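Quick heads-up: it's one chain on its own, the form predicted alone, in structure tokens.
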């Protein structure tokens, strides 16, 4: 996927991306300080924000096969099961009960299948949101800080799920995170957002350990403690 000439003014923040290539089938990490435009850029890709100007060449990605999870996912006021099958309903896809039960069991939500989804704990909401995102087999999945407040066991479960998908049937991921250790573990490419623009892009090694951009180095130094994550 290629994004060209993206422009959007959001208050004092001016988002401007001249030419940004997101390689298909790879896990992309998006890093940058709070308020730099990471979430806004993802919403512009999804069409949740209307840009002043943008050209998106989706290439091999079907624009209807893009989804996003957030730190505070919206859940419909119905059961866990109904939340999961909603993306299938709107796409007129028959639910695969075996697959649904597999994910519910894997994320320890099977026993809450018929419970009222908004009553789930914060961690359970994140798990449900990820299942809902995966269930229709999208081609691009954006994860916006969804793993930041999870316990380590849940983080590993999310990461292992993503790794399994990439081994068997790779899709494109955009992971927005301040956790540099997680970015290091999971990502193929890293993109640094600064003041509404993609300032640098490269491999994990080049971006996190061999960077010569002063703004990127300053950001990494400020978040270096996340590398101590076990």
Partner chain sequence: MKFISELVAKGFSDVGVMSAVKTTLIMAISSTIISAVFGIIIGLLLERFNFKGKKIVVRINRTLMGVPPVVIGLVVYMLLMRRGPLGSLHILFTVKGMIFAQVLIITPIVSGMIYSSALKSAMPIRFFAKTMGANSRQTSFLIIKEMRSEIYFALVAGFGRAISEVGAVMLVGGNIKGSTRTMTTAISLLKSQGIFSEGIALGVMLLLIAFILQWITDFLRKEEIVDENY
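It should be emphasised that the depicted structure is a prediction, and the values quoted were computed from it without experimental measurement. Positions refer to the first chain, counted from 1.
We do not show the form predicted together with its partner chain, though everything after this point is about it.
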Query raised in the report: Within 4.5 Å of its partner chain in the model of the complex, do 100, 113 and 157 each have at least one heavy atom?
Result: no
Report task. Using a 4.5 Å heavy atom cut-off, state whether residue 48 contacts its partner chain in the model of the complex. Result -> yes
**Report entry** its partner chain contact at residue 175 in the model of the complex, heavy atom, 4.5 Å
**Finding:** no
Query raised in the report: Quick one: does residue 169 come within 4.5 Å of its partner chain in the model of the complex, counting heavy atoms only?
Result: no
Query raised in the report: Taking heavy atoms only, is residue 91 within 4.5 angstroms of its partner chain in the model of the complex?
Result: yes
Query raised in the report: Want to guess which of 26-34, 177-185, 39-47, 160-168 is within 4.5 Å of its partner chain in the model of the complex, heavy atoms only?
Result: 39-47
Query raised in the report: Along 44-69, which positions have a non-hydrogen atom within 4.5 Å of its partner chain in the model of the complex?
Result: 46, 47, 48, 64, 66, 67, 68
